[in-house]
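Presented as structure tokens, the chain that follows is alone, the form predicted alone.
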Amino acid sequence: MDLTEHPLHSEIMAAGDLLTVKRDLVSLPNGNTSYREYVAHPGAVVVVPMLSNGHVVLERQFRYPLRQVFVELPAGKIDPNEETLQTGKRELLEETGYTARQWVKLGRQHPCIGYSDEVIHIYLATDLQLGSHRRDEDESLEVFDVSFADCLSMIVQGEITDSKTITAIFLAEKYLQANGGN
């Protein structure tokens, strides 16, 4: 059964520096038409930075839409014509000051399939070296590290609720179990 919806017309409802809100008229598999509103997003990368002692580098950052501080992994949007690994390396350095010698792509996720085309690429970064962060002028965050077990506990206890962080930690856990780590 073909479930594909085909665009007939597209309009931009709003556009900002990061996001674009679109409204498309689509033909449905049953022959009818309908509208689909969604947010166009450039994509992002999230990094699970692991120190040699098995700790995970995390951040506390205020997120304006929900008006609260969240615990998250380092992450950021993909710049135009940038490879996802380069985005991960750039964001890790900018936000935390760390660089990594070893990188493993763990997968990807689509966090908001009902209303956004965003895809988040997930990397594990190991063999870390600390340098100086290069945060943007409008970026304020606190960097800290916890054991991998404590990180998992923070998820279970609801201290970490960010979906990209939860997904990345669980994928890292499975990767590490399969490859003799942690």
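Heads up: residue numbers just count along the shown sequence, starting at 1. Worth saying up front: this structure is predicted, and the values here are computed from it rather than measured.
The same protein also exists as the form predicted together with another copy of the chain; that form is not shown, yet it is the one meant from here on.
**Student:** Please determine whether residue 111 contacts another copy of the chain in the predicted complex, using a 4.5 Å cut-off between heavy atoms.
**Tutor:** Contact check for residue 111: yes, within 4.5 Å of another copy of the chain in the predicted complex.
**Student:** With the partner left out of view, is residue 131 within 4.5 angstroms of another copy of the chain in the predicted complex by any non-hydrogen atom?
**Tutor:** No, residue 131 is distant from the partner.
**Student:** Although the partner isn't part of this model, could you tell me whether residue 70 comes within 4.5 Å of another copy of the chain in the predicted complex, counting any heavy atom of the residue?
**Tutor:** The answer is yes: residue 70 has a heavy atom within 4.5 Å of another copy of the chain.
**Student:** Evaluate residue 124 for contact with another copy of the chain in the predicted complex, applying a 4.5 angstroms cut-off between non-hydrogen atoms, and reply yes or no.
**Tutor:** Flag for residue 124 set to no.
**Student:** Which of the residues spanning 129-167 lie within 4.5 Å of another copy of the chain in the predicted complex, based on heavy atoms?
**Tutor:** Result: 137, 138, 140, 141, 142, 152, 155, 156, 161, 162, 163, 164, 166, 167.
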